[in-house]
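Okay, here we've got a single chain as structure tokens, the form predicted alone, with questions on binding and movement later.
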Amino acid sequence: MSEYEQKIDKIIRDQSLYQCLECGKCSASCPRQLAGKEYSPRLLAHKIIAEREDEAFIENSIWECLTCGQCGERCPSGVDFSHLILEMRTLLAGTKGLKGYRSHDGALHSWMRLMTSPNLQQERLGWIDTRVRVAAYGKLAFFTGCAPYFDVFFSGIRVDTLSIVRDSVRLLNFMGIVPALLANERCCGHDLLWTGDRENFETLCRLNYHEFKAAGVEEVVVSCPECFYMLSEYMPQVVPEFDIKVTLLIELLEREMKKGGMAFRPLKRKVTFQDPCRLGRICGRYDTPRSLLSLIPEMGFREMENSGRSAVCCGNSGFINCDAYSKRIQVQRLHEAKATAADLLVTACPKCMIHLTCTMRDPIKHGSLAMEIRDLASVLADQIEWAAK
């Protein structure tokens, strides 16, 4: 047996694929298949185990997955299909140079690889103004992620992901925290990892750790669920000496709210919530966003037909799958949001905001899907009673 075959066998064992019952619940719940794509997690699992000679099918199907975790949620045998996909992509990228289809001609992945340069000097803090108080170093840092770059790249759809960063820092300021913002922080590497580029992902981890330590950082607060997932789960795997606490902003807020002394102004709007896959199914944070929204007086909260563990993803992950099927997923999701009669769609992930905003701007739909979309941090920052502090 070749080394390549041995690696596949290890992936199968590590992700419990031999426990697959071929019941088809994964395929029946897969957003790609439900959108009309000829894609089946069950069939892919069968091919990897029993028909490995069908390399063309396997190598193509590996890149079709959204890694949204819905199949793992439904699997009665506990097969971790998303991580099977992750490991297979890493193997195929490392041994065969396969990288799959990447949205926007791979431009976003290119800038992430550019950030692996040790001597890179960035201009990522130009958005800082008098509305926020920040430091250059300190024990607690806020991780800004790729928001400064997203706003430039996606300026054509008028998405404002930098507002998430600014409002997150405002919330920290409200709690009496002046976070350090690092001028040469790098991307968390999520999209490189999930497209199989483990080498460059690990380089970003080490460079970020070096930046944290050089600035005296002992705790990093993040608002983006992808950044939280990478920094809390994967960076310690890459950097054995990792000794930095990673905190999700909404959980920090929830803890502070329970202490009392915070209040919110009424918001007379009807709101629904889009569960980000990395926040919900991957990291298990379903209740916290809803708990925080429930603190806002006079706000009418309405769940979509598919919410929480059944929530449908925004149709893309890692900027890989951006095609007609992804658009169908996004259109259907926006139809669900509109069906609640909500006039404000709240999410907690910059990429959900980007992908759903893009679909709202579709000229073919003539504005029929349009509704205001905001990040949870921005809603909370606007409604919090600043005079109370």
Partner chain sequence: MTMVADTEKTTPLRAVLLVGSGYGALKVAEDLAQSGIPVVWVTRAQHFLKLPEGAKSFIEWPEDINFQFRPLYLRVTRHPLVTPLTRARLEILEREGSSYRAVITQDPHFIDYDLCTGCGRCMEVCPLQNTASPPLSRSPAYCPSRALELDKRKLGACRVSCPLGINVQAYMALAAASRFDEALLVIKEDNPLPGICGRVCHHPCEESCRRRDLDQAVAIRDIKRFLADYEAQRGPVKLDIPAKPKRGERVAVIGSGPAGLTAAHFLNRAGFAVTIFEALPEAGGMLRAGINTFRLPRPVLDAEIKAISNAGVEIRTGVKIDSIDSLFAQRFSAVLLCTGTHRDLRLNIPGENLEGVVHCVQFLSGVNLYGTGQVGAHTVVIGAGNSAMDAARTALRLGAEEVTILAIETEKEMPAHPREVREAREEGVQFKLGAAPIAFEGDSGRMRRIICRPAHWSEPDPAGARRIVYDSEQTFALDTDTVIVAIGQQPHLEEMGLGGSLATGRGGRVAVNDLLSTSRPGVFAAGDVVTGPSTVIGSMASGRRAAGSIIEYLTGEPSPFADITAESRGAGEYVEISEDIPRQWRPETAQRQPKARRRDFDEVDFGFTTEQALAESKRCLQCGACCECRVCETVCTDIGAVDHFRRSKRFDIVSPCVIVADANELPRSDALDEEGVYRAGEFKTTTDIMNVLVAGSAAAGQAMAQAASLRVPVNLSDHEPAKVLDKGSLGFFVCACNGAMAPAGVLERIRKLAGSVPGVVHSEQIFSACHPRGSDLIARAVREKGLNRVILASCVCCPLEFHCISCNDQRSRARIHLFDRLGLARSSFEMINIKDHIATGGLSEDEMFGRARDLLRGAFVRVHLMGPLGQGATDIGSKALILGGSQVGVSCALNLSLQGFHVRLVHRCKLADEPELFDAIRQRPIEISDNRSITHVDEAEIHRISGHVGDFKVVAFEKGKRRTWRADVICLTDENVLPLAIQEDWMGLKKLYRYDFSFFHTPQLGFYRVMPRTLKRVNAFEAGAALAAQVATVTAEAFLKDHELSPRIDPHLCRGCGRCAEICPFDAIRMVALPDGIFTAEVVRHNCVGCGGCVGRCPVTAMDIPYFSNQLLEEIVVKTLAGERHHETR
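Residue numbers count along the first chain shown, from 1. Just so we're clear, the structure is a prediction, and the values are computed from it rather than from any experiment.
Below, we turn to the form predicted together with its partner chain, even though it does not appear here.
- Contact between residue 29 and its partner chain in the predicted bound form is not found at the 4.5 Å heavy atom cutoff.
- Residue contact check for residue 70: none of its heavy atoms lie within 4.5 Å of its partner chain in the predicted bound form.
- In the predicted bound form, none of the heavy atoms of residue 198 sits within 4.5 Å of a heavy atom of its partner chain.
- Although the partner is absent from this view, residue 39 stays clear of its partner chain in the predicted bound form, with no non-hydrogen atom inside 4.5 angstroms.
- Contact annotation: of the candidates 49, 331, 43, 58, the single residue with a non-hydrogen atom within 4.5 angstroms of its partner chain in the predicted bound form is 331.
- Taking 263, 183, 157, 152 one by one, only a single residue has any non-hydrogen atom within 4.5 Å of its partner chain in the predicted bound form, and it is 157.
- Stretch-level contact analysis of 285-293, 315-323, 225-233, 121-129 against its partner chain in the predicted bound form, using heavy atoms and a 4.5 Å limit, identifies 315-323.
- Residues of 229-255 include none with a non-hydrogen atom no more than 4.5 angstroms from its partner chain in the predicted bound form.
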